[in-house]
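What follows is one chain in C-alpha cells, specifically the form predicted alone.
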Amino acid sequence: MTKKIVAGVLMLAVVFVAGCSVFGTSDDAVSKPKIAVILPFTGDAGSYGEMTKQGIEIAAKEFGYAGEVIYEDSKCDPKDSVNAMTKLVSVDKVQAVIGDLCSSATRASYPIAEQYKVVLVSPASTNPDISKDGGYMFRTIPSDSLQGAFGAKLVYDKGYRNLAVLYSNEDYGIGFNTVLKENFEKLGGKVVASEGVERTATDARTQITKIKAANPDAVYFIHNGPSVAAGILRQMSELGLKAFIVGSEGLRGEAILKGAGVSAEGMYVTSVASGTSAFLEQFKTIYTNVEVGPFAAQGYDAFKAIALTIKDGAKTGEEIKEALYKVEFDGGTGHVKFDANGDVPGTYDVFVVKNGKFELVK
C-alpha cells in the first residue's frame, strides 16, 4: 500500500500564512529532498503505524512542508520493509526515510538505505544492536538498553525476586529480553524462565506452561503485536498463571484492552514517555477524538529533525546525515540531540490497567 500525501492535504490546519512557510512555496519544494515513511499500516501493528503517522503529519503541518511525503506499508514484516526501501531509493529517489516501527523490519531495510546513502530515522525501533548499524541510522526513541534497565529496576523495587520472561522471538523481543535479564540479575534477582514465542504465533500455551512450572512471582511480557499479545494474555489467565505481570510498551494500546479484557486487569506496562505537555496539547487540538498512544511524539521528532536539516540547506542524504549529528531542538518527546550512534536519551512512564483503562502510575 502506498499513500502519497501532497501539499494540499498536509497544509490543512497549518497556522503559517501562505508563502511564509519555512520551506517556501510549493514551487520551491520541487528542489527539496523527498521524505518517505515506512511503517505498518495494516497487520497486527497497524494501529501503531497510524499513531506514528499522526505525529509525523503534525510536524509536517507545523513546518508548512510543501514537498511530498511518500508512505509505504511494511506490515512490520522485514521482507515488505526491504521491498519498500528498495522502491523508495531506486524509483522515488528519496534522500531520507522515517521508519520502520519493528526492529527486525528496520534492521532488514537499513543496509539498502546505507548503500544508497539515504538517511533512516526510526521513531520506534528499540533493539540495542541498532546503535551499531551505521552512520545513516538514527532513531528518536531510546534503545532498550535503557528500558531493559528501567523495567528490571521496576520489578525489583516492587519486591519481586523470581522473574520469568515471555518475549517475541525477533529482534525487538530478543534484544529487550537480553538487557532485562542482565540488569535484573545485577540487582540481585533471579530469572527463573525465559521463553520465546514467534511474533505472529497466537498459541503460547507451551511457553506459558513452562513459565508457570518455574513458579515466578513476576512475569515480563515483551511483544509488539497488540492483537496477538491480547490472546496470549487470555491464555495466561486460562492456564492459571498467578504472578505480577509487566508488559513492554507494545502492550499499551486499545487492542490489548479490547482483546484481553479482564485478563489485562492489573497489568503494568513500561513505555517511553507519551510526549511533553505541549505536544500532548497540540495533538489533542488536531485529533480531538483520538487518545495519544505510543510513537506519535517520536514520529513528530523524526520528521522535525529531518525538516530542520533541509531548512538549513541539506539536499542529499549525505548532507542530511552530517547535519543530523549537529541538530538539536525541543521536540515532542523533550530535548532531542543525537549521539555518535544516532541515539537519543529517554524517559519512561509506567501505566497500570485499571477498570479497563491505562492509568499513569504517579
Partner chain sequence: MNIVPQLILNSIIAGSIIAFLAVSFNLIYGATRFFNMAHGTIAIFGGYIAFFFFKTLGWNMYLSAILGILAAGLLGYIFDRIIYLPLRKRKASGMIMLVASIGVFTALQSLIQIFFTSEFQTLSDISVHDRLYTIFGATITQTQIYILIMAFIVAICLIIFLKYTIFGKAVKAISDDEEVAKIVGINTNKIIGLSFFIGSGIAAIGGIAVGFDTGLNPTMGMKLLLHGISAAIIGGVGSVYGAFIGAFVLTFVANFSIFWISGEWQEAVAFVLLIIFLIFRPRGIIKR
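All figures in this text were calculated on a predicted structure; none of them were measured in a lab. Residue numbers count along the first chain shown, from 1.
Form predicted together with its partner chain: not shown, discussed below.
Under a 4.5 angstroms non-hydrogen atom cutoff, its partner chain in the model of the complex has G259 among its neighbouring residues. Taking the partner from elsewhere, G196 is found to have a heavy atom lying within 4.5 Å of its partner chain in the model of the complex. Remark: K284 does not count among the residues lining its partner chain in the model of the complex, judged by a heavy atom distance of 4.5 Å or less.
When contacts are judged by a 4.5 Å heavy atom cut-off, G334 does not count as touching its partner chain in the model of the complex. Heavy atoms within 4.5 Å of its partner chain in the model of the complex belong, among the stretches 146-154, 116-124, 201-209, 272-280, to residues of 201-209. Of the listed positions (I130, V89, V228, A218), a single one reaches within 4.5 angstroms of its partner chain by any non-hydrogen atom in the model of the complex, namely V228. For the options A255, A243, V191, V292, the one in contact with its partner chain in the model of the complex, meaning a heavy atom within 4.5 Å, is A255.
Heavy atoms closer than or equal to 4.5 Å to its partner chain in the model of the complex belong, across 234-258, to the residues R234, Q235, S237, E238, L239, A255, L257, K258, ordered by sequence position.
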